[in-house]
Structure formats: C-alpha cells, structure tokens
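Only one chain is given next, in structure tokens, and it is the form predicted alone.
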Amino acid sequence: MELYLGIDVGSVSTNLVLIDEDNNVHESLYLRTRGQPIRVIKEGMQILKEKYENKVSIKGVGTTGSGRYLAGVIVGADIVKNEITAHAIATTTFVPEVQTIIEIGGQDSKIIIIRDGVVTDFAMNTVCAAGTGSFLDQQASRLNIPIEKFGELALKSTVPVRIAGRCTVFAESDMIHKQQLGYKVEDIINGLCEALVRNYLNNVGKNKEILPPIVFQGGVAANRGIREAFARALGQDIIVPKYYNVMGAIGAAILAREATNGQKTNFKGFAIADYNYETRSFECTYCPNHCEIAEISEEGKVIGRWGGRCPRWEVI
C-alpha cells in the first residue's frame, strides 16, 4: 500500500497522519509535545514503525507547524509548509464550500478566510494565550475539573455570567470574584467559553468577513461549550470535521503528495525512530546582526541549521 505522511509539530501537540491517494486517513496520532519535539517525533515514528514497517510504502512526507523545519530535517521531508497553507488545503479538501476556518490550538489561534477555494485573508494570534486552549486548561485546572468535561458542564448553564476574557490574569481574578458571589460552576465555565470566543472575535477575527460555511478545527474544537458559544456569537452553524485535531498534518500529507507527483521521496525511513539527535545553538559573529543559529545533528553528523538572516550557515 502506498501512503503519504504528514507531520504537524506545534507547541502543545505533535500530530502524524498517513493518507492514501484518495485522501483516506489510515492513521492519525495526536501526541503531547511537552517541550520536547525531537523526542515526540521519534515516539510517533516508533508507533508508525511498529504498525506499518514492511507493510506500506511512504511515497512522500510533508511537515508543518512551528517545528516544521526541525521535523523536516529529521524525517527527510519533501515539502515544508506554513500552518495557514496546510490547514486551508486540508479543509477545502474535506469541506470544499468552506468560506471561514476558525482554528484554535494550545498556544495560538488563527482565522483563514477562503473565497472560491482560495485563501484571501488570514490572521494569527501568537502573542497572548487568552484566546487559546491553554487559557481553558489553566482555568479547568484551577476549578479542579478535567478539561474533557469542560464543554459538557458549560452546556448545563442556565444563568449567563460575563467574565473578562481579554487577559488570562483578569479572567482568573474575575472568575474568583464570581465564585465568591455564589455563581454555579457550570455558569462560570460557560462564561469562560463565551469570554474566549469574544476574545477571539475581537482580536483574531477583527475586521474579517466571517461567512458560512464555518469550519472549526484545532484541539479546542473538541469542546462543545466553545462550539456552542461560537454558534451563538455568529448566529451560524459551526462545522467540526472528523479529524479536527490533526487537520494541519493532513494538509501537510496532501501537499507532500502534490510535491512528489510520482517522483522519489526524500523520506529517510522508519529507522529514524532509532537514531540519536543532538541540538545546539551558537551566535554568529560575522556581522553586527549576531544571529542565533540553531543546529541539529543526527548520529554526530550535522543535518540542519536555521535562524540566520543570510544563507551563510544553511549550507551543510
């Protein structure tokens, strides 16, 4: 069987998917990055190795996400693309008529505007975590509620509670204040969901023409409370795709298929799960920019460098 591998390395999760020529997903892995992207990439490749080595032929590999360059040199990617392109490709493949993509992950959020199958505008929020999954994680932890039950509890709310959502610090102090006033936990949780949606629409979605069909993806899309809050705020139905939490990786796999187009892949094979990788960084002193260069070595051999403003260190 011939398959294509897509890898999306983010700050919170690292996702790996295998798709075939017809975009059928044969495998999807959602792993926590926990600040160790190399270890998690190897862990994911080990899982795939145990299940698929000698059973499938990988015809192409694509990487995306904030750690896309790192993942690209480790696995031997045929294409390395940004998250906007990867998410747009995946979503238009599964929901061709989509006009707006809402994507909220653990540390960032983005909106992608699509018209006639083409990206016409986008925006990202990478500075503040108030409108992201980590905001909900933090508050769920404070309330001693599993994040998996967060959405269900929000739907049980009967009294709307307005909580300041512009800043995580203000939201927490406001939430404590509401607790002390005797509001029910489910009403406070629903207020947090609405605060996140309000924050997203006022920042990431500001001045954007949000038209249906609206597709909601990213890890936070699993939260029914957030989905309902978006539906209320926008007055539209919200579509959550089956593979909502790995859409970036699916997009990378689709892009890999298009990039290879029958040609030989650069994929190093499942054996990379057993290789040793080391990283280091140093400051370049060849000019006043003093760029910080990151370097990765595989079994003692340098395989990649990045971080410079000029190509001096790019030649391995």
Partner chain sequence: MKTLRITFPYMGNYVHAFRGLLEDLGYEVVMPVKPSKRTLDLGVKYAPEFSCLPYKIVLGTYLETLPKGVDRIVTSGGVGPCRAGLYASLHEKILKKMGYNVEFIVLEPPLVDLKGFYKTVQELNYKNYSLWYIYKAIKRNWRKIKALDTIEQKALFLRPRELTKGSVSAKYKEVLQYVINAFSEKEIAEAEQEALKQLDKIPVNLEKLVVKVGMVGEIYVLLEPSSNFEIEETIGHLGAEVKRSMFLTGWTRDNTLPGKSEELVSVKAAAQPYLPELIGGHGQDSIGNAILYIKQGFDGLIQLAPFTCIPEIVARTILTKISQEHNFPILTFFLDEQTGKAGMETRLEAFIDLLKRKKLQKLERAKGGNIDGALSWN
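Numbering follows the first chain given and starts at 1. The shown structure was predicted, so the numbers you read here are calculated from the model rather than taken from an experiment.
Below, we turn to the form predicted together with its partner chain, even though it does not appear here.
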Want to guess which of 50-58, 35-43, 268-276, 286-294 is within 4.5 Å of its partner chain in the model of the complex, heavy atoms only?
-> 286-294
Would you check whether its partner chain, in the model of the complex, lies within 4.5 angstroms of a non-hydrogen atom from each of Y69, E83 and M124?
-> yes
The single option of T158, Q180, N144, N207 touching its partner chain in the model of the complex, heavy atom within 4.5 Å | N207
Taking 4.5 Å between heavy atoms as the contact cutoff, choose which of V118, I176, L211, V169 touches its partner chain in the model of the complex.
-> V118
Does A154 reach its partner chain in the model of the complex, with heavy atoms at most 4.5 Å apart?
-> no
Any of the heavy atoms of I226 lying within 4.5 Å of its partner chain in the model of the complex?
-> no
Heavy atom of I89 within 4.5 Å of its partner chain in the model of the complex = yes
